[in-house]
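Take a look at this single chain in structure tokens; it is the form predicted on its own.
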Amino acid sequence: MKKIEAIVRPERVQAVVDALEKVGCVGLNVTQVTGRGRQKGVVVHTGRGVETTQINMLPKSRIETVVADADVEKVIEAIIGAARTNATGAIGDGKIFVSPVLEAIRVSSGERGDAAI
């Protein structure tokens, strides 16, 4: 099993959730977070002919799911396809992290492993 954590633009969350549902991944969590990556949280404002730069933490959304090893690649591809803002992607579109999961247990039934996810 693997935990897949995707940090994406907030406006792309519903598209990512829809894409995950299409590939059979329905169990997930979404959290609103702030952070910065390669763009270092740089926001450029232009007003009255003056351009100002502000370094901030940017709003992002974290989508987490745990999937069977066999489903990892199709889930990653679904996230990439839905999270990109254009055909080639852009800085700030997000990141995906994949981590091993040693055990999963469904509290209600006690099922373990792949059966619990």
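On a predicted model such as this, the values are computed, not experimentally measured, just so you know. The first residue of the shown sequence is 1; numbering continues from there.
Form predicted together with a further copy of the same chain: not shown, discussed below.
**Message:** How about Val30 - does it come within 4.5 Å of a further copy of the same chain in the predicted complex, if we only consider non-hydrogen atoms?
**Reply:** Although a further copy of the same chain is absent here, Val30 would touch it in the predicted complex, with heavy atoms inside 4.5 Å.
**Prompt:** Can any non-hydrogen atom of Ala70 be found within 4.5 angstroms of a further copy of the same chain in the predicted complex?
**Reply:** The answer is no: Ala70 has no heavy atom within 4.5 Å of a further copy of the same chain.
### Message
Test of understanding: in the predicted complex, would Ala15 fall inside 4.5 Å of a further copy of the same chain by heavy atoms?
### Response
No, Ala15 stays farther than 4.5 Å from a further copy of the same chain in the predicted complex.
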